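Presented as structure tokens, the chain that follows is alone, the form predicted alone.
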């Protein structure tokens, strides 16, 4: 039986056998729009909107034809250390050495070879047209031809970034940094040393390796890295078992938490409360573990408080003047077709945005995007009109 899911048609019996899921369960996922095809030319790619058995949300089922399938697993959740030393001792059992890499501040994509070109899959399993154009320009396609069973995981970083624009890494436009390579179908990662060898061989940028440390020395070393990264506005670290048998954990800088809050509280009614609350909680745990002096604690409180209140006050005052609350981001494309596809993609995601007229710069086009955050604007305006919270 073939089952239509919007434009995509999935061979239910064969897909169910491949995934080891009952056919009725798979049909139910499609009917409830929990297994959804990508649009247009990517209809062979079906992404999971929920976790199913051992299949993570954001995983992508690639129906290749001739009864063959591939499963590109979703990004594994990296849990966070709130108190670093006890977390390392409890999590990394029977591990002598830890690999510490920088956690870069951008957005994650998975890259695979689809037919004759590379595509970039977002965390949710969609094909992002903008990211897809970029990975075809930035990455060596030979890697994917030589290693068809591998999925490249990386961070898209830089100021010309529609999702997380950051001008802190000395990157002019946008760059791709490899942080993981995993096998299709199983999602199993390869060891960090092998990943670095492959990335170097094919000319890929990699997330910085900050060091490898004996487990009893790791906490002190990581604290030093965190303080140095914080001074330059970077995000934090990911701590890994070099063999990638034990899942990684992450730990972030205070300055990164505050930077997130500074941006988020500008759009206080558009951002989830868990996102805001968790970053405040991190600050309390870090201050306690670091045994900060009264002066250091006061500085942290001031940094945190300013990150929360200043952007929100500015938002309230702007709305009083009938100004809209928005984000402006800049992107650079080679092809105008990419821009059209990205506009359609943004609308599909429910993003309210105004795209400027493309400006030709050499053989590329610069486009600014005016992202409107209507919920915060409307909520704040209602308050100025006398509504209650």
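Computed from a predicted model, the values in this text were never measured in an experiment. Positions refer to the first chain, counted from 1.
Below: the form predicted together with a small molecule, not depicted.
None of 292-300, 217-225, 112-120, 78-86 except one has non-hydrogen atoms within 4.5 angstroms of the small molecule in the predicted complex; the exception is 78-86. Residue contact with the small molecule in the predicted complex: residue 103 places a heavy atom within 4.5 Å of it. Using a 4.5 angstroms threshold between heavy atoms, residue 134 stays clear of the small molecule in the predicted complex. In the predicted complex, the small molecule stays beyond 4.5 Å of every heavy atom belonging to residue 267.
Using a 4.5 Å cutoff between non-hydrogen atoms, residue 198 does not count as a contact of the small molecule in the predicted complex.
For the candidate spot formed by 98, 194 and 241, no residue has a non-hydrogen atom within 4.5 angstroms of the small molecule in the predicted complex.
Between the options 126, 315, 255, 108, the residue in contact with the small molecule in the predicted complex by a heavy atom within 4.5 angstroms is 108. With the partner omitted here, the residue from 308, 175, 71, 207 that has a non-hydrogen atom within 4.5 angstroms of the small molecule in the predicted complex is 207.
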